[in-house]
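There is one chain below, alone, in structure tokens, taken in the form predicted alone.
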């Protein structure tokens, strides 16, 4: 179900408010035209999605360390990184099957694997620090090497991913195996030369940013100035310079003097894609605050507050839990932002704070199941969301290994499934439907038969092409649009 919320400004005479609404309508028309012309990032119902690859073991017994905890494409889409609960980062590289026709299908193969974080123990607090990778963020590429930030609950690391296909030979003071040579035995001076060798991909830690967070880190975001980034935990947001590891600047602090007065926590934070002074952070109360670092060094006072009034008819014991925002993402053009709560995805216009301009129901059929979801702790699951390359479609995960796509321009939605049964090469995915009650139609699945242990929390969309990555427990599924 898709609900488009008509802004109240349609009913007002203010030219500024009407202008905002018209801009939103024009923006949708532009997205539709771009999608129709280029075909890139097209609508979920215009594109036939088919299976491409699946990574990971098929075993039913999944080790805790193998569970995927984050997925992220780099800025070109050539590399795809995953992090898991075992502290490992696996990078896949896109390989074009037919180099004379780059538009043909391509696959992602393992490019590099390395251990990013190890389990630690805080002796002062008697606290065990897990090695689980919470977030990965790629830095814009500046030279032949790639750089990424990875973080667990406490420590952020900057990694350099580089290639070597040549080795140096002809040393004067050491042998090829590394043994030193007595300088007195050297009778002639040799000029070292580079020799070809098998390609070697090296991952080396360049910076370690530690000891700045008391609580668990939930977000990191690269600034558009390409020099700084932010990291957020439950109560604070810090600003870092990529070259400085021993200090950071606290830009948001919502910790009360008396912790008994704590009413909300920070759940996600992100920098604006174009404005280096602007960032947003979301809270467990369902509000999003936009802050401007030019206004004050400490951004405790927000510039804008985005919050939707609660519908009294839907008020229940679980209202506050399901309104908690688990993810927030700016659109690529910076005009909109997307938020994900437990039951829905909302699109906000940065120029209108009162209510979202679009609301997409992800799994509204679960509203009647909230009691059982609370008992099995599923109600606390943190689903992420992502935009396609031209911001015309949004994607997010659900239960039973379902994932949802919402076409903003055509106002359509589709439910697809990542499963081994649909993993034949180039097999087209069939839309799935969930029956919430009453007589179940053919090919529909009953809401009572959904498997809540199978869930898609992490998804990523190629920045340029219709290629998506979906994480299901320990497996990474890659789907592409059908090539005729």
Partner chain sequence: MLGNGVKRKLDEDGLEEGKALLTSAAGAAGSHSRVNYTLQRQTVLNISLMKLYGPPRTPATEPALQRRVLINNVIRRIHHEFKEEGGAGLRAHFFAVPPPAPNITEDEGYHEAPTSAFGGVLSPPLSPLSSLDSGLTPASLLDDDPPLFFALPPSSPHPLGHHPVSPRPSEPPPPPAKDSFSSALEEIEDLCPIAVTTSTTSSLPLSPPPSPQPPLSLPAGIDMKEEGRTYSPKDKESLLLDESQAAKTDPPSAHADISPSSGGFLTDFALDDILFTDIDTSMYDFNLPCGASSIPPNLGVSKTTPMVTADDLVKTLSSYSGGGAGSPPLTQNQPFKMDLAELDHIMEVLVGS
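Note that this is a predicted model, so its numbers are computed, not measured. Residue numbers count along the first chain shown, from 1.
Separately, the form predicted together with the partner chain exists; it is not shown, and the next lines address it.
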Legend entry - Partner-facing stretch of 345-353, 183-191, 368-376, 203-211, counted where any non-hydrogen atom is within 4.5 angstroms of the partner chain in the model of the complex: 368-376
Legend entry - Contact label in the model of the complex: residue 142 to the partner chain, heavy atom within 4.5 Å: no
Legend entry - Non-hydrogen atom contact residue 453 with the partner chain in the model of the complex at 4.5 angstroms: yes
Legend entry - the partner chain contact in the model of the complex: residue 263, any heavy atom under 4.5 Å: yes
Inset, instruction - Report whether the minimum heavy atom distance between residue 324 and the partner chain in the model of the complex is within 4.5 Å. - result: yes
Inset, instruction - Could you check which residue among 110, 197, 244, 127 gets a heavy atom within 4.5 Å of the partner chain in the model of the complex? - result: 127
Legend entry - 151, 267, 396, 221 - the one with a heavy atom within 4.5 Å of the partner chain in the model of the complex: 267
Legend entry - Members of 378-415 lying within 4.5 angstroms of the partner chain, judged by heavy atom, in the model of the complex: 380, 382
